[in-house]
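Presented as structure tokens, the chain that follows is alone, the form predicted alone.
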């Protein structure tokens, strides 16, 4: 049975969004870097507009269908909201973003600075999503889901397209997972091509790991330093359907491993990373993922929206 999203779909999405996004660089590190005897490829997606990969999906959604007069709405822990706000501003569309109380003040400030209306929608992401859905039903606004949407996943899959062109020959890629839109897009791009796609989740926020174990999407409790970006309670049906066919497995990392990855990024390269953006590197450094000798490993660095005061505490 074919996957819901094909390489052709992702190529079409890339042509659609290319004028509006940055082609983020790939940093190919020599063997012996980061404690691994094989080469390591870092995809620097934190350099994307609004600080994360998410504008890719937001632009693809907005450019794929008519937008009603009521504009767009989204529920977000911060990064998705910032991406929707950025894309809407660039395209001249009004946006309302529903954020949970746990959202990083730095991320909320980005959304506000980009001109979107902000609504506090409850304590957790699921609460904000419920408030957003009610607004959409009342106004007819276009809802942009953070991850469980065809157009969102197609847009996020363009990360894989660029990565393959700039770092051919990878054996494995490590991708942080929140709701799963990013990994399901990347895994759709590489499906059937011999590339092992490994998800990385915090031990305290493991929606995809739990769903793959259960054989269906399940709710999980969320408690992690990365909860504002990797804190989805449930992956949703579409993400699960793709991931169970294309994701090799999910590695779990401790909050301590995520913090150490943040320290490493700052100490060695002066990269300021939010916890979710450093999670995939945390899996490699902590040996939550153990590559084979000489394995060509790709690590996605996907988020830079960190409060500098909190980063200073970690350092």
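Positions refer to the first chain, counted from 1. Every value quoted in this text rests on a predicted model; they were computed, and no experiment measured them.
Form predicted in complex with a further copy of the same chain: not shown, discussed below.
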| query | finding |
| --- | --- |
| Position in contact with a further copy of the same chain when the complex is considered in the predicted bound form, options 304, 297, 10, 17, heavy atoms within 4.5 Å | 304 |
| Listed residue (193, 216, 244, 113) with a non-hydrogen atom within 4.5 angstroms of a further copy of the same chain in the predicted bound form | 113 |
| Interface stretch in the predicted bound form with a further copy of the same chain - options 251-259, 281-289, 63-71, 266-274, non-hydrogen atom within 4.5 Å | 266-274 |
| a further copy of the same chain contact in the predicted bound form: residue 311, any heavy atom under 4.5 Å | yes |
| 4.5 Å heavy atom contact, residue 51 and a further copy of the same chain in the predicted bound form | yes |
| Heavy atom contacts to a further copy of the same chain in the predicted bound form at 4.5 Å, residues of 11-26 in sequence order | 22, 23, 24, 25 |
